[in-house]
Ligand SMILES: Cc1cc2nc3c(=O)[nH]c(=O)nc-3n(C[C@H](O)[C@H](O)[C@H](O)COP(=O)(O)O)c2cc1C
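Given as structure tokens, the chain that follows is alone and in the form predicted on its own.
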Amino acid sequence: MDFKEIIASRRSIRKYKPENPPEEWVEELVDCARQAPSPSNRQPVGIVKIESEERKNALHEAMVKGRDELLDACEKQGNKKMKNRINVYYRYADFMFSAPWLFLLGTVSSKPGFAEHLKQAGLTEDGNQEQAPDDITVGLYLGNMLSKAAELGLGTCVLTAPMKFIPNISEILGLSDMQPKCFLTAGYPDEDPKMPTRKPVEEILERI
């Protein structure tokens, strides 16, 4: 397949075959991820492959607890619609603990970028603007990983809902220098979902 066919074939996969892909493919995915551009070549992204069943179980327990706390809050509000939405997002995320591979991507400390330099010079007040380009870089890393995985015949799924269910991910995983942004599952797909509807080019592209 050419590149356009590879990215068009990718789907969000939540059902995987039990066998693990070759372990050397992990480094293939990360090697592709690290080729992504970043502001001032700061490379502010870390990738963790979560293999410990103990830590997966701890994450799972925390996610159940987080879901239950949100459901209790909805119950007190009488917000049935939000309660249903929470349950749906939980069901869409719970599979990640049984996926062959589970990664966490996040931002890590790196040398100061443009926003921080402006703040240090007293030209702006907010150095937190650094986070926006760092988050974009996480997305670029993900794009490379997803494309390489599709080329290898792997299914993947990016998950951000668990970040709302589990507020203390770094603590559970013992990560002192990472701000978690998303989980990523990967493995041999055991489903073939239809292509979701995409906006047409003319709806996205504007010429001014």
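Only a predicted model underlies this, so the values are computations on that prediction, with no experimental measurement involved. All residue numbers are counted from 1 along the displayed sequence.
Below, we refer to the form predicted together with this ligand, which is not included among the displayed structures.
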Contact segment among 170 to 178, 46 to 54, 26 to 34, 157 to 165, judged by heavy atoms lying within 4.5 Å of this ligand in the model of the complex = 157 to 165
With the cut-off set at 4.5 Å between non-hydrogen atoms, does Ser12 touch this ligand in the model of the complex?
-> yes
4.5 Å heavy atom contact, Phe97 and this ligand in the model of the complex | no
Answer yes if any heavy atom of Arg198 is within 4.5 Å of a heavy atom of this ligand in the model of the complex; otherwise answer no.
-> yes
